[in-house]
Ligand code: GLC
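Just the one chain here, laid out as structure tokens, in the form predicted alone.
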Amino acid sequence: MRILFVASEGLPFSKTGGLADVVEALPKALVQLGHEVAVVLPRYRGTKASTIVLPSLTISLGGKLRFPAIADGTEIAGVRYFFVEDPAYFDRPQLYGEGGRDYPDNPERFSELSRAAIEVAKHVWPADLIHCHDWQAALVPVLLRTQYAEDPVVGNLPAVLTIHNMGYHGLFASEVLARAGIPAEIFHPAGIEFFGKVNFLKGGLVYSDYLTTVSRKYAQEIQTAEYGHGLDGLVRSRADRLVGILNGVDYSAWSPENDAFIAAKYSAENMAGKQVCKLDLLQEFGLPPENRKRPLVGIVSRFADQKGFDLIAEKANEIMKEDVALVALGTGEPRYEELFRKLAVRFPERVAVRIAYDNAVAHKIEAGADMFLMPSRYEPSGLNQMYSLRYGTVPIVRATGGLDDTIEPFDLQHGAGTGFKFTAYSGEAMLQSIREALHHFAHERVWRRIQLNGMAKDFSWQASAAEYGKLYEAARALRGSGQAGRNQISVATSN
């Protein structure tokens, strides 16, 4: 099958979060299963492209015409890449905004991305199905079922939408309808309207043939008021077309046996290199080597409430009363960046922070830390907890979304389990799990058992890619023969 991915970011070209990892890894896994896959991304600043395959598309946005080009990027691991080239829209310092504020023309930017992707499927790379990701690409199914509905080439193309984070809707004032060229006739409660505003994600939820989320637990959670962000009723109404497929891990990039970024290679059979990585991590963050005997907690994250940083702020003093060292990497809300800066000043021998995103340092943290903290309020899939397992870095997580699906609480009596997990969203519950982990860390044989349990887990993309393949077939059958699609999807969800 020929599958066209449409997304606002994707490695190795652009990244702000886990979406980019998925848009890199899933296409590669699908190619290994025999599919043909291409990816359409914006051509952001610094993205290199070889040739122009379409010098000028005519895109109508609210009565204004734009003329983006389609650049042919490259082929990586059998995956073809195309870029929407419009410097005024995409050649900017950041992907979505600057200084904590979104770019005001994001509706137009990502409307253009969606329209250009459909044109790629029509004129450049004929596709059997379009797989869209998050609100930035959610207009693709909307446009296919409205403005392109009578198009003989793409009007009946199946569309699948993956929700990587239900908390981000692409919500804008109603005047965006005209600016972004969205058909006015779908601005109603059963369409793209959301309490008088335009909701890109809602449009995708309504008009896609199938919906996926990035873990089975999250597919259940977004049907509740707590996690549905106002769209839970709509999601429940489409529950027969909703599938949870856990994100996978690209072990060619994230594995201590072959990681190019870490100080020493190691494996479950020979863990000696992990201590070398711990010393290297302490040196990277300027912490004294005496911390090698202390439990070292790592954090790699966006600093935000969603990620549980309000709990960390609440219990920071109690955490630091324990004999523990802490390294954190990330950016986000200024109050949490300041929290870690102040902790580093108060505890310069035990706490260090780097306000940045640095892929190489992220690898060093996964390899060098003893524990990895992810106390998320919600976490659709999460990747770092799965990375941590492979590196023998024991996760401490909240039981939500993909964290709940992938981490098994340690059971001392049976020697089973891969980490530590708490259910209540409270600082006290988090602190209790941290203390439980610290207690077991003091017993070397017990700790090694937990590490080896985690390192034995396999969350590679092959199984998940096979589930997506079945879903794509169901979507094609739905476009071709109605009920057949629903009958087939039971196969995809029963494995």
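Heads up: residue numbers just count along the shown sequence, starting at 1. All values derive from a computational prediction rather than experimental measurement.
Beyond the structure shown, there is the form predicted together with this ligand, which is absent from this document and is the topic of what follows.
Contact with this ligand in the predicted bound form, defined as a heavy atom within 4.5 Å, is made by all three of 18, 247 and 307.
Looking at residue 136, you'd find every heavy atom of it more than 4.5 angstroms from this ligand in the predicted bound form. Not displayed here, this ligand is approached by residue 214 to within 4.5 Å at the level of heavy atoms in the predicted bound form. When contacts are judged by a 4.5 Å heavy atom cut-off, residue 381 counts as touching this ligand in the predicted bound form. This ligand in the predicted bound form is approached by residue 165, whose closest heavy atom lies within 4.5 angstroms of it.
Interface residue among 92, 302, 335, 341 relative to this ligand in the predicted bound form, by the heavy atom within 4.5 Å criterion: 302. Considering this ligand in the predicted bound form, the lone stretch of 381 to 389, 196 to 204, 235 to 243, 277 to 285 in range is 381 to 389 [heavy atom distance within 4.5 Å].
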